[in-house]
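One chain comes next, on its own, written as structure tokens: the form predicted alone.
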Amino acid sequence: MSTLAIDIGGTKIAIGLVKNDAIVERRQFPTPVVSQANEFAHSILEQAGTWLNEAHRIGISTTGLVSEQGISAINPDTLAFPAPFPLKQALESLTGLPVAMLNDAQAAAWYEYTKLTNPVSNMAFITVSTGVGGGIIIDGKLHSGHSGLAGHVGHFSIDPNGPACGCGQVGCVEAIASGTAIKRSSDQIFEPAIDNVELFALAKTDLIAEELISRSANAIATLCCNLKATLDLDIVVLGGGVGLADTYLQRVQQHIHARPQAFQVPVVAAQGDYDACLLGAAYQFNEEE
């Protein structure tokens, strides 16, 4: 059965036609700035084109808090939807297809859990991208909570003297470790400004660039150790554009190995690579089959 998968991020949307748990066609485009769910849905369907003729259903993974009513932003700085944003209902109305929607990291967490080589009971998926998100597996089941908030680990406050976060708290992991946070710090130092890809390349020879990336990796390591202490995790899976960037995983692992043994947890790269959330968008239907 074919699924039109949609992964909505703060800066880009990835869509794909998924058959037998594999992406057979894929494209991405900048996240449009719109205020109406129908308009947003139309912009996605225009990009999907003829894929709609093959799709039997639509799966959405999106940043933000997902409820039956729609999408709400935890951090409007990452992606500001008028809340609740009824995208699921809009796509169902426009296409007549069944639509399922989950938070992006929750969707990716379930996909990554099913793909683990060695089965475990407790796992976290952490994506470090425009923001920092997460999904939690407890006793082999996706834990999203009554309101869908479970897994929003980017909003663990780890530094009471840290930067303000768009969620309203101070010192959140997202405000320190996300791609947005890295770029904000980088822009204060480098003139002319450079993007994060250039920053990672520069870090090989520049101590300041290396320090910016290491600060992000250390925040993610702290998050992993806190989750280990809270949930006794067996493993953490890391994804996202920053999380999968060259040597970032190794940096996180090094910071974790510097902590007391009791709080250390294995961290591995997402098997879905940069498309873990897109694959998760389609994979949420698998529980129903």
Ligand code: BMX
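Heads up: residue numbers just count along the shown sequence, starting at 1. These figures come from a predicted structure and were not determined experimentally.
Quick note: we don't show the form predicted together with the ligand, though the next part is all about it.
Peer 1: Please determine whether Asn103 contacts the ligand in the predicted complex, using a 4.5 Å cut-off between heavy atoms.
Peer 2: Answer yes; at least one heavy atom of Asn103 falls within 4.5 Å of the ligand in the predicted complex.
Peer 1: Gly64 near the ligand in the predicted complex, any heavy atom under 4.5 Å?
Peer 2: Answer yes; at least one heavy atom of Gly64 falls within 4.5 Å of the ligand in the predicted complex.
Peer 1: Examine Glu174 and determine whether its closest non-hydrogen atom to the ligand in the predicted complex is within 4.5 angstroms.
Peer 2: Yes, contact at 4.5 Å.
Peer 1: Considering non-hydrogen atoms and a 4.5 Å limit, does the ligand approach Leu87 in the predicted complex?
Peer 2: Leu87: no contact with the ligand in the predicted complex.
Peer 1: Out of 131 to 139, 209 to 217, 190 to 198, 111 to 119, where are the residues with a heavy atom within 4.5 Å of the ligand in the predicted complex?
Peer 2: Result for this chain: 131 to 139.
Peer 1: Can you list, in sequence order, the residues from 150 to 185 that come within 4.5 Å of the ligand in the predicted complex, counting heavy atoms only?
Peer 2: Going through 150 to 185 in order - heavy atoms within 4.5 Å of the ligand in the predicted complex - the hits are His152, His155, Glu174.
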